[in-house]
Ligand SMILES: NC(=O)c1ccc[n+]([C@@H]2O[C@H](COP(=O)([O-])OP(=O)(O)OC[C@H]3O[C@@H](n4cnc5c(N)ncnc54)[C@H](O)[C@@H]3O)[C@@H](O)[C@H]2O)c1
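We begin with a single chain expressed as structure tokens, specifically the form predicted on its own.
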Amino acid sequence: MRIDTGIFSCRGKTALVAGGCGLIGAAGIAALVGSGASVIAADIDGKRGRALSEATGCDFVRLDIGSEASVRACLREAVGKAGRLDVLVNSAYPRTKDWGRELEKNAFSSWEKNVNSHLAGGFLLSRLACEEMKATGGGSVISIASIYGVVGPDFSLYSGTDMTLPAAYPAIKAGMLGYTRYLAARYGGYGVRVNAVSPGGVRNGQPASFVRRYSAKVPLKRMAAPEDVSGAIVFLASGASGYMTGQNLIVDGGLTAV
């Protein structure tokens, strides 16, 4: 459904979505396109990126969020294609092959690599985007954080599954929230707004026992769909949130309210 008129319109805006092939990134792209934005997807997966481009009409640039050279090249290419940048969505989610290991088995090198690729990559891309927006009169940076940057996990949810919450994840997401406030204070005077969206658990093929336990804890009694998060992205990209910066919009079905 297109919503390209009214207060939530993004008509005339150019948006770069880092991690555009991911679950939340792809839903965000569809919603931004539907709201009238011109969208550039950025992802390390070129095959999926080209398929996404064909499906949604967005453009595509390659991005390895863990590489400084790739981050810089991605932003240059995106601005070169569009002529300007109005919205950045930080939804890239890089992780190592041992990402799901228990804390006690987690190597220091794994922690270091995950934090450096995810948090440091987002740090650089956000800074470069803010500088670009500063030069052109403003814009909106939206980082996809998590409720686990705000509250601790309930490990009983994972009982009987091979899942856990990797220790680096809440550290990364809490760091993103702190950096969001920092950038909001730093660039607000230039018309650049910087906010975050913190989703609760998003349904993505988890074991039925986990989905059942998690849903029971949520006042709305279900896990999120990617589209539940994309509405918040459009809101923060549009003029409807024009007086919001430095904020964390929690989209969790009420989980952190109880």
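Nothing here was measured: the structure is a model prediction, and the numbers come from that model. One-based numbering along the sequence shown.
There is another form of this protein, the form predicted together with this ligand, and it is not shown here; the text below is about that form.
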Classify residue 249 as contacting or not contacting this ligand in the model of the complex by the rule of any non-hydrogen atom within 4.5 angstroms, answering yes or no.
-> no
Does residue 170 reach this ligand in the model of the complex if we count a contact as any heavy atom within 4.5 Å?
-> no
Using 4.5 Å between non-hydrogen atoms, is residue 24 touching this ligand in the model of the complex?
-> yes
Would residue 31 sit within 4.5 Å of this ligand in the model of the complex, counting heavy atoms only?
-> no
Considering this ligand in the model of the complex, find the one stretch among 85-93, 129-137, 108-116, 160-168 with heavy atoms no farther than 4.5 Å from it.
-> 85-93
For the stretch 131-158, which residues lie within 4.5 Å of this ligand in the model of the complex by non-hydrogen atom distance?
-> 144, 145, 146
